[in-house]
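A lone chain, given as structure tokens: the form predicted alone.
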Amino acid sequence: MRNLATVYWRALVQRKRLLGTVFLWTFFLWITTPFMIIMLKSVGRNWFGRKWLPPNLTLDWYRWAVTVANIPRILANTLIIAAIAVTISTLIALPTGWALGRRKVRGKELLTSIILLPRMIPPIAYALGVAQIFYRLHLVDKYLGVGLAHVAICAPYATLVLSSTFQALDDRVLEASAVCGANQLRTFFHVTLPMVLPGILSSIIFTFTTSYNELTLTLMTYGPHTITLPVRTYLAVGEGYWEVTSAMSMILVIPSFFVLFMIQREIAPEKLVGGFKGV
């Protein structure tokens, strides 16, 4: 009887492992297949019909994307707007996150809900309201205007990350610094700042990627001088140049992969939300 139970248990464990392996591989293929198709389309020539792989490979579509679509200038626009959005969002999120994380604020739940409101409603509905305001303020087709539009969706991420970071600060460490004779300025630079720096860096990373990939708000506030890479890629889809669009899409996702690599390598995942309790 014991041997039968052992055999049954081993078979059950093996079946669970098999199901787990199948599920992981299925999920992996589901996530990576669209990227593989875009990558092959961006270097494939004469890829028609039911062929699994392109018969010829070329880099002409990337050359077209760089020259015809003027990718260097568009990429510069995207980075400038992202830098503006990151700077303003961080300046807003630092005091707001400190207040939510370290102070007893009345109506904290309501305030948090208001901060998250732009992320909760349909993006197009919020973007229409932003566009109406920005047209009246003459902020359309300006770097500052598009950057401010992105702040509406970047600041919530920065605030949540920084509030969690500040909330997780261990008061015992700060008190120990004061006991050892450090003043507030010295405590900030030598104790507080090193502890919250990973949270600040992760906040900057998330806000940068959010602004870099934003489409809806940009569509409502951009112009000929402030077109970004996501918008140019979207417009290229309508023009029907699938190969060039695929090349532009690959250029678009490269910074995102780089940022993801930096997150995994430089910042421990458990510190992304300020996991410093008990330090």
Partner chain sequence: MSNVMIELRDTSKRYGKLLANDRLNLSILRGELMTLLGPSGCGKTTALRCITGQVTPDEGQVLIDDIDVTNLPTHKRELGMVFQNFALFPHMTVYQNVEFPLMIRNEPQAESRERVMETLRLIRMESYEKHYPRQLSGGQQQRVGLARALVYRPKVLLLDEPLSNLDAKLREEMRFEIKDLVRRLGITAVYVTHDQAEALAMSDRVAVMNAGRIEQIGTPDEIYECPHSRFVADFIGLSNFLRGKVVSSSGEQATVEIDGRLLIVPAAGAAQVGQDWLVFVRPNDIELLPVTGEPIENELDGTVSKLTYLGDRIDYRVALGSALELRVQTDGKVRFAAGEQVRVRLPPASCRPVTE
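Positions refer to the first chain, counted from 1. Computed from a predicted model, the values in this text were never measured in an experiment.
Just so you know, the form predicted in complex with the partner chain exists too; it's not on screen, but the next bit is about it.
Would you mind picking out the stretch of 179-187, 123-131, 79-87, 150-158 that comes within 4.5 angstroms of the partner chain in the model of the complex, counting non-hydrogen atoms? This holds for exactly one stretch, 179-187.
Please state whether all three residues R172, E175 and V191 have a non-hydrogen atom within 4.5 angstroms of the partner chain in the model of the complex. Spot residues vs the partner chain: full contact, yes.
Of these, M195, I205, I115, I71, which has a heavy atom no more than 4.5 Å from the partner chain in the model of the complex? Of the candidates M195, I205, I115, I71, M195 is the one lying within 4.5 Å of the partner chain in the model of the complex.
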